[in-house]
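Below you'll find only one chain, the form predicted on its own, shown as structure tokens.
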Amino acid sequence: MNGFPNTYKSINHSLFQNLMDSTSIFQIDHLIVNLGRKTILRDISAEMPQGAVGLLGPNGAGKSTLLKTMMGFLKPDKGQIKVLGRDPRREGAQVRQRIGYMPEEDTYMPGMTAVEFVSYCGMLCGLPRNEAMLRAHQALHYCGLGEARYRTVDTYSTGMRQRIKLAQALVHDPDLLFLDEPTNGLDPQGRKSMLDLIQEITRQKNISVILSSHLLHDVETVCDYVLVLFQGSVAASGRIQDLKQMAQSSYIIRIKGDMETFIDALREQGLECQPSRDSRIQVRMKEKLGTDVIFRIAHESGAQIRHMAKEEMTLKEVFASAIQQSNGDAAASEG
């Protein structure tokens, strides 16, 4: 993990840094994007700080459209958008010069060695030939492909091809990386290695990341923030830890007394209960209800609470809850 120093900056990097007018990696205000007669992004608003951001959503949610709009390849029909402080509609080339893009699909050229391919990508980003070659060697070493950099890319394994896609995204030393399914096709060890590398990039190299993935575990491992899209709208947005705390609370409870009577009393109040074989009860609270209702029900049913601890929701549960709520809102709107 060496040979890719922070101090080595690409051409015009310091100039671009001075032009930064925001600490956010992107700001979106009431953005609407249509493709033909179909509305893909429906009046979305969001803002994310520098760091690692997960972009989640089912197929057709609008993730790819949003990334293309951020890079300036699609023009919004309404609303405002800024990426790294710039408007990609008018400054698309400047925005793209500061972004590294790791696509989901393989994009290498058969017959080219890894160092030839990565240096070529560097030249496409505006680097002079000699600088692009130097940066290609550094990026390949950093991504763990130093010993294989003179092999042709078409002889690479799936894991190595994922790493060379990351290397070409890093070669021009961007401020922001777009990673589209970076662990696609990798075995468990390969996934862990890739996620560790992405974490190092964000935490030690000070490069922000937007990780687009259908694997919630990957997002939860790497990212501090998340933007969830559903049917072209924002279903949830913010710091992952905050979203977990805002979602429905769940508690693990142990009691002394008649468990069946206690559970029946909880369910009569509309609380979801799930007993386990080790005499624990998982209780999912309703919105705006405090834990005092549990103690009241325990007292009324003759049970003694011996243990109660809040159970943190997983990102999967937050995601499912956000999608369910958005689906319900959409149905109500149509009704």
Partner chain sequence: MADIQIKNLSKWYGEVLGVSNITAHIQPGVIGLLGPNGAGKSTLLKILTGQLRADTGGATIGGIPVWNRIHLYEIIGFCPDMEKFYERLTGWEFLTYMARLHGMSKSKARKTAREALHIMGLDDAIDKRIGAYSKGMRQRVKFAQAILHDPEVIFLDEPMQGMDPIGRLQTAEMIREYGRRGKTILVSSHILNEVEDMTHRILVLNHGQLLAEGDVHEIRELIEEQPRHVRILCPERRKLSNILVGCSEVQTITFGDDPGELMVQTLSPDAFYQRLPDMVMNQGLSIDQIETLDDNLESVFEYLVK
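Numbering follows the first chain given and starts at 1. In this text the structure is predicted, and so the values were computed from the model without any measurement. Heads up, when I say rigid core I mean the largest set of C-alphas that superpose within 1.5 Å between the two forms.
Just so it is clear, the following notes concern the form predicted together with its partner chain, a form of the same protein that is not shown.
With a 4.5 Å cutoff on heavy atoms, residue 54 does not count as touching its partner chain in the model of the complex; it lies far away.
Contact check for residue 194: no non-hydrogen atom falls within 4.5 Å of its partner chain in the model of the complex. Although the partner is absent here, residue 302 is a contact residue: one of its heavy atoms lies within 4.5 angstroms of its partner chain in the model of the complex.
Remark: residue 268 does not count among the residues lining its partner chain in the model of the complex, judged by a heavy atom distance of 4.5 Å or less.
The candidate spot formed by 202, 275 and 284 is out of contact with its partner chain in the model of the complex: none of the three has a heavy atom within 4.5 Å. Of the residues in 173-188, those that come within 4.5 Å of its partner chain in the model of the complex through at least one heavy atom are, in sequence order, 184, 185, 186, 187, 188. After superposition on the rigid core, the Cα atom of residue 50 is displaced by less than 2 Å between the shown form and the other one. Relative to the superposed core, residue 40 undergoes a C-alpha shift smaller than 2 Å between the shown form and the other one.
Relative to the superposed rigid core, residue 301 undergoes a CA displacement of at least 2 Å between the shown form and the other one.
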